[in-house]
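Just one chain follows, in the form predicted on its own, and it is written as structure tokens.
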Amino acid sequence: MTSVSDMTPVDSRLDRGRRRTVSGGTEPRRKPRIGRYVARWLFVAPAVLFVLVFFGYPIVQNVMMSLQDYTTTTFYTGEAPWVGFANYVHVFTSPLFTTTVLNTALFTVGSIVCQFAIGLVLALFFKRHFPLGGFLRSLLLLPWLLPLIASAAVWKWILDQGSGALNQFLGLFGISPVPWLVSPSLALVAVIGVNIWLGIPFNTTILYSGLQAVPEELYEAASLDGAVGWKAFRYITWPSIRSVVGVVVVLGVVYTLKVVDIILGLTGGGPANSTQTLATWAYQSSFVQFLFGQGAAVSNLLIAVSLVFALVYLSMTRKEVDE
């Protein structure tokens, strides 16, 4: 049996610690852990509450509205009969469904591809230091800063068939007036062009910030091996800004899917529904025809599409990180 005199100072401290534990004492480190856990939730609680009140509650109410026969009479009677999925059946069987889905896909893909391509070229151009570069970048932000309805009004005048500035300019070269906004075959192209003009500043600004974070030492080291121009972009620039590109594309898709004001300001969804998208269809169903249940069903479809796209992007990003 070990005597007290044979115990080292370390053994003595360990023995005292065991006696305190056996005698009913608790570990002193548990309370700080609980305190840190509670503190973390207290810091997160305001953001969680904000999201639940201003995002979660409206989405839940929108889903409930899509399952009811919600009309103008509901506002003063308070009665909205439960119709289940009847609104969704009406939306999917409507003759407008195929047209609006196709227009939405063309509008979104055309806008995103052109906005991103032009924005990337401009970001690469402005990355080079030259006189008045900062001034030109500030001018590039003007379309982004203007109210969208004001931009739509200006572009409607520019694209007017009779007195539009664009047709007058084309007339100098002997080109007859083009019905940009009144032709079913050209209206969607014109609307996509205006949306591209509005989205270029956002893409350029975000991509330019991503390019600024790429170390110049990488380009200098690559130039020693002959990796310049396209090779430098392929092996250095693109891999370095891939995460920024993902953010730009996801935000661009989500924003483009819900564009309403530009289309309503230019064509109102016409002519012959050639520029009608899911977003404008939801707006007109709710605030023109006052069929709030059907409008809510269309908007929920947009939410589902955006959510699926975001989840696919997050899963792809997670796979790249794991690899």
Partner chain sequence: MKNSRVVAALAGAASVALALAACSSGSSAASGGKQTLTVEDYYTATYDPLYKDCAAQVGVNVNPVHVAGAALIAKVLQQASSRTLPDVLMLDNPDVQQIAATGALAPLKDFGVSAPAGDVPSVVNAGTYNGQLYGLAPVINSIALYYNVDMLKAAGITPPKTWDELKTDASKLTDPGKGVYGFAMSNINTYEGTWQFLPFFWTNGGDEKSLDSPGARQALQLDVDLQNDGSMSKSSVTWSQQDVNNQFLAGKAAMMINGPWQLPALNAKKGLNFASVPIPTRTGDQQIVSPLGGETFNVPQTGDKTKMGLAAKFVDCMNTPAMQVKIAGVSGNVPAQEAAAADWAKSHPQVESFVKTVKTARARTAELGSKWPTAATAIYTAVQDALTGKASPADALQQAQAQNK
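Here the structure is a predicted model, which is why all the values come from computation and not from measurement. Take the two forms, find the largest set of C-alpha atoms that superpose within 1.5 Å, and that set is the rigid core. Numbering follows the first chain given and starts at 1.
What follows is about the form predicted in complex with the partner chain, which we do not show.
Residues T104, V109 and G174 are flagged as a possible site; in the predicted bound form, is every one of them within 4.5 Å of the partner chain by some non-hydrogen atom? No, the candidate spot makes no contact with the partner chain.
In the predicted bound form, the residue from A86, I236, L181, I192 that sits within 4.5 Å of the partner chain by heavy atoms: It is L181.
How about Y76: is it within 4.5 Å of the partner chain in the predicted bound form, going by heavy atoms? Although the partner chain is absent here, Y76 would touch it in the predicted bound form, with heavy atoms inside 4.5 Å.
Even though the partner chain is not shown here, does M64 get within 4.5 Å of it in the predicted bound form, heavy atoms only? No, no contact at 4.5 Å.
Is T72 close to the partner chain in the predicted bound form, meaning a heavy atom pair under 4.5 Å apart or at it? Judged by the heavy-atom cut-off of 4.5 Å, T72 is in contact with the partner chain in the predicted bound form.
For P95, is any heavy atom within 4.5 Å of the partner chain in the predicted bound form, or not? Heavy-atom contact with the partner chain at 4.5 Å: present for P95.
Sequence-ordered list of residues in 236-273 near the partner chain in the predicted bound form, where near means a heavy atom within 4.5 Å: Result: K258, T267, G268, G269, G270, P271, A272, N273.
Core-aligned CA displacement of I303 at least 2 Å between the shown form and the other one: I303: C-alpha displaced by less than 2 Å between the shown form and the other one.
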